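Next comes just one chain, in structure tokens: the form predicted alone.
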């Protein structure tokens, strides 16, 4: 299998398209024959990262780099950033606006779910600087 690179623009507050990028990544992983458990973890991590862009940013991009040995998912946004990453990693902590929580999103489980699915997770962010989430899932 050659290396594959995928990229999807993600618009802020576009809940109707939320999950389309993650679904496409899952479909490609199925087509190239990754094991179901690896596909499940990658799809969850990609979905959570995509929804975080929709909920918390002004827009961004979801990318995947697929090789036989690993899946690297990168979510980049130009949002307000995360001032306290350690706090944001706590289950149930959310800065999502009330109207989004009332829609059933923004429960504070996105980053914890990503951490559970990832073999490696790196978050770069700061107030007013946007956020980059880099997720690696090994195929082993």
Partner chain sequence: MGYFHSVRLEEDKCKGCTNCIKHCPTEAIRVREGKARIIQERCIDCGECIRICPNHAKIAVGDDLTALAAYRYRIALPAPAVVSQFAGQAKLEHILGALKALGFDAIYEVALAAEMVARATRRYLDNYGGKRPLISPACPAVVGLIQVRFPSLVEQILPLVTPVDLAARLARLEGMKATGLPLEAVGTFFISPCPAKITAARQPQGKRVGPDGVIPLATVYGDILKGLSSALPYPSRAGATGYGWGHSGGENASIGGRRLLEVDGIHHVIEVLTRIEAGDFQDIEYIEAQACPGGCVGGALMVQNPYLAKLELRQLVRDLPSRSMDLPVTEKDLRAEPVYPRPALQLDDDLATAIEKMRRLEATQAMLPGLDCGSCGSPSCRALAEDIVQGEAQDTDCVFVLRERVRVLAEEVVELARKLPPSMARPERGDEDAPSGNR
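Residue numbers count along the first chain shown, from 1. None of these values were measured; they are calculated from a predicted model.
Unshown form predicted in complex with its partner chain; subsequent notes refer to it.
Using a 4.5 angstroms threshold between heavy atoms, residue 136 stays clear of its partner chain in the predicted bound form.
Among residues of the shown chain, residue 24 is one whose heavy atoms approach its partner chain to within 4.5 Å in the predicted bound form.
Among residues of the shown chain, residue 76 is not one whose heavy atoms approach its partner chain to within 4.5 Å in the predicted bound form.
Put simply, residue 90 is far from its partner chain in the predicted bound form: not one heavy atom of it is within 4.5 Å. Residues placing heavy atoms within 4.5 Å of its partner chain in the predicted bound form fall in a single listed stretch, namely 66-74, out of 92-100, 50-58, 66-74, 109-117.
For the marked spot (6, 28 and 32), a heavy atom within 4.5 Å of its partner chain in the predicted bound form is present in each of the three residues.
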